[in-house]
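Only one chain is included here, represented as structure tokens and corresponding to the form predicted on its own.
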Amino acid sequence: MNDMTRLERKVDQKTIKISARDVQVFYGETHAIKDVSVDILDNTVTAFIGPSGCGKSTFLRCLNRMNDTIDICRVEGKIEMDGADIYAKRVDPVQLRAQVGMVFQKPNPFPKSIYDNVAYGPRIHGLASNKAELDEIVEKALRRGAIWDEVKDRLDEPGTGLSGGQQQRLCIARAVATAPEVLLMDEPCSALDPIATAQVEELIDELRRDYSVVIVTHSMQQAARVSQKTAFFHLGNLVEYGDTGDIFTNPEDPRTESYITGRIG
């Protein structure tokens, strides 16, 4: 192996943030995810697309162990982040979720002030030793969420009083406040109007500079706009994964082509 090949290998290894191998998910007797293996890259937006009920959100929830909260759910296989098994017994799921933040379909700010929404995570994880440090974390997170200029003069007002699009950006700010390495988004724009959707999409593009972003979306147009990698799920299987441009213009699997052209879904 020459030095260049060795260097390329090293770069490839370095850019893989999450590696999943032979992942199976069962809800009781129902086999929801079947033999999924995929590498999710750092500083990249990866879109999970596919028909409703195909397993894309279930697989997303495996990446921060949200499925642990469902009694009848069982996850098999291996998922590693930076080479470490996230399902190892020693891993605290609460700490993992500080590293792998999540934004849900419906904006869900806490019934607290805008400030306390963002400060909540850093407080429980002990990320600030005094008020000044906490203020700095809150401001930085709100700036990252592209909402600081809109809320900086009303941080004491309830987060639930914001518009839908603002609430979702507040939830993104809340997710990044714990300094995660990965950001999971489960259809983050499906409850938003077109203007708010455009703002969140622009934000997603900015966030990939600092995070690995994984987005589940029912909108193929959105996947094409915001992602660099796309994974197509169908009936619990990962059918195809690759560069977004290739998936949409030159899919290898006929099922992918059928979905993209509207024949299935």
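All of these numbers come straight from a predicted model, not from anything done at the bench. A residue's number is simply how far along the shown sequence it sits, counting from 1.
If you look for the form predicted together with a small molecule, you will not find it shown, but the lines that follow are about it.
Q. Wondering, does residue 221 line up within 4.5 Å of the small molecule in the predicted complex on heavy atoms?
A. Answer no; every heavy atom of residue 221 is more than 4.5 Å from the small molecule in the predicted complex.
Q) Though only this chain appears here, would residue 58 touch the small molecule in the predicted complex if you measure heavy atom gaps against 4.5 Å? A) Because a heavy atom of residue 58 falls inside 4.5 Å of the small molecule in the predicted complex, the answer is yes.
Q. Any of the heavy atoms of residue 72 lying within 4.5 Å of the small molecule in the predicted complex?
A. Yes, residue 72 lies within 4.5 Å of the small molecule in the predicted complex.
Q. Does residue 207 reach the small molecule in the predicted complex if we count a contact as any heavy atom within 4.5 Å?
A. Answer no; every heavy atom of residue 207 is more than 4.5 Å from the small molecule in the predicted complex.
Q) Does the trio 43, 82 and 215 actually contact the small molecule in the predicted complex, every residue with a heavy atom within 4.5 Å? A) No, none of 43, 82 and 215 comes within 4.5 Å of the small molecule in the predicted complex.
Q: Heavy atom within 4.5 Å of the small molecule in the predicted complex: which of 62, 200, 32, 36 fits that? Just give me the one.
A: By the 4.5 Å criterion, the partner-contacting residue is 32.
Q | Residue among 54, 66, 231, 226 with a heavy atom within 4.5 Å of the small molecule in the predicted complex | A | Exactly one listed residue reaches within 4.5 Å, namely 54.
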